[in-house]
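The chain below stands alone and is given as structure tokens, in the form predicted on its own.
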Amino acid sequence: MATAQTKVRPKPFLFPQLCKACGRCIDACPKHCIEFATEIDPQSGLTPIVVHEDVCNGCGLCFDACPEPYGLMPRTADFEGVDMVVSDPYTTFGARTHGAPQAEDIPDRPVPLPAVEPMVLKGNYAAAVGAMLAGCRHFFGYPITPSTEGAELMAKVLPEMHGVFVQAVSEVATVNMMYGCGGAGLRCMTFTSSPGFSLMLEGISYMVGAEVPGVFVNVMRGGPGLGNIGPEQADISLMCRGLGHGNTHAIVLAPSTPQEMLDLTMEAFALAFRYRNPVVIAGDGYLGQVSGRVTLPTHLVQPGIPAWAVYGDAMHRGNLITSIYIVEADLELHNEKLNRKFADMEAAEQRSACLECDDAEWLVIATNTPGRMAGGAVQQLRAEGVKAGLFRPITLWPFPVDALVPLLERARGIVVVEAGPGQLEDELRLALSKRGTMPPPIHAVRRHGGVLPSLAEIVERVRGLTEVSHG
């Protein structure tokens, strides 16, 4: 008579560096043979569990309780002699199957617009209209002066367009909602101003790290601290050099008119999805509030869905959005990939505008609302016979140094005009230094605390420099 074979039940095998130290397996074990270790694992920073196999009966309840798919595993012959170090789980166990088909891009589609008369819009409204024309149907934000009108228009119009408007409980909540929405491959944006933008920086770093697109309209106001609601340009360093922790950059677009608020907001969405990266619109408090003539484009965008999106359907089931790389070598490779992308942005996306620059001996550099004052000053100086020209950066990062350098050959001096403590000048000097270009003498016209430089101040500064050089 044949005897029945006894089935051997596998006992637990643990990668201690992957243990989350949640303790669920301890609660699930009926034999009380699992407990926390007494020392912290140096790679995870947590105290893993230990299994006393001599007491374990192999019931397997601990496997069901463990939330880490690669942490607590049934012991098999494959694990004998395995070096228990943190590595890519795909390398150790192979790719996890999900049954999803290969995702493909669903492209954007242009939709013609009927011809309409020009509109008169304040800058904030123009940016909101530009966002909707660019296919944005998801807005998350927290109201803050002087940017609130943009959010108000989105709140009024988006529900009529089958869109979503969410007033978050804070700016921190806002940026994390954008992380989720952008990760789904959907176009989303927010309006904010300087103190609120500061609160979003951690989330922006996560979005850069996870390569998630989104558009941030920062209507700069006076600071530091709560400051006031007057126009200022003292967030330039924050947007260009301090955009969240780690290795972070984003294209920073600086409009100077309501028309550019609309046009550059539309362009911002195209850039955000082209590079899978946040894009910042840098306005100022005056530009957000002033009204101007705005002509609508000939088409709007019906957005598609990118292949990389975590959209929630079967096609995109295999995708992953994350900024977590536990192994240092993996994170270094990811940073090198980001650096290549940033270099592509610097090479391809420098933008600027010029007024009377072809023969300019005195270059005035200004952007946003001060750029409009500077344009008027250049025209007055030209009427006086002074060869002045306006170079207006439209991208603050990357700074448009390629277009500027040829203009310096005949320039006797530069005058940087800004409503801030010299942050635009810092970007200018850094870009020229990296290019290895020695500029002519750089001078400044600066105002602070919500006060804008005036046309008369710019004219007087350039006129004085001209008289000194002739003397």
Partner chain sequence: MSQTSCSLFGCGVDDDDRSWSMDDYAGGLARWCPGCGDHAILAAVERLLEAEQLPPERTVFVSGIGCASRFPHYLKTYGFHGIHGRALPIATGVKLRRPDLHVFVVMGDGDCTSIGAGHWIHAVRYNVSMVALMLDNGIYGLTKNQTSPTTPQHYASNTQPKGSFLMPLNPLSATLGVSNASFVAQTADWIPAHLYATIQAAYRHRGFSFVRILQRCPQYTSDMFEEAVRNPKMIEMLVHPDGVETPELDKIYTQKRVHDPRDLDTGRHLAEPADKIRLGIFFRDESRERYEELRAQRVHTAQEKIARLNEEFDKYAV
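Positions refer to the first chain, counted from 1. Being a predicted model, the structure only gives us computed values, none of them experimental.
As for the form predicted together with the partner chain, it is not shown, yet the points below apply to it.
Although the partner is absent here, D313 is not a contact residue: none of its heavy atoms lies within 4.5 angstroms of the partner chain in the predicted bound form. The partner chain in the predicted bound form comes within 4.5 Å of a heavy atom belonging to E171. Contact check for S352: every heavy atom lies farther than 4.5 Å from the partner chain in the predicted bound form. A residue is said to contact a partner when one of its heavy atoms sits within 4.5 Å of a partner heavy atom; A348 fails this definition for the partner chain in the predicted bound form, lying far away.
The stretch among 396 to 404, 179 to 187, 250 to 258, 149 to 157 whose residues place heavy atoms within 4.5 Å of the partner chain in the predicted bound form is 149 to 157.
In the predicted bound form, every residue of the candidate spot (T145, F165 and L226) has a heavy atom lying within 4.5 Å of the partner chain.
Screening L113, A307, L199, V327 for any heavy atom within 4.5 Å of the partner chain in the predicted bound form leaves a single hit, L199.
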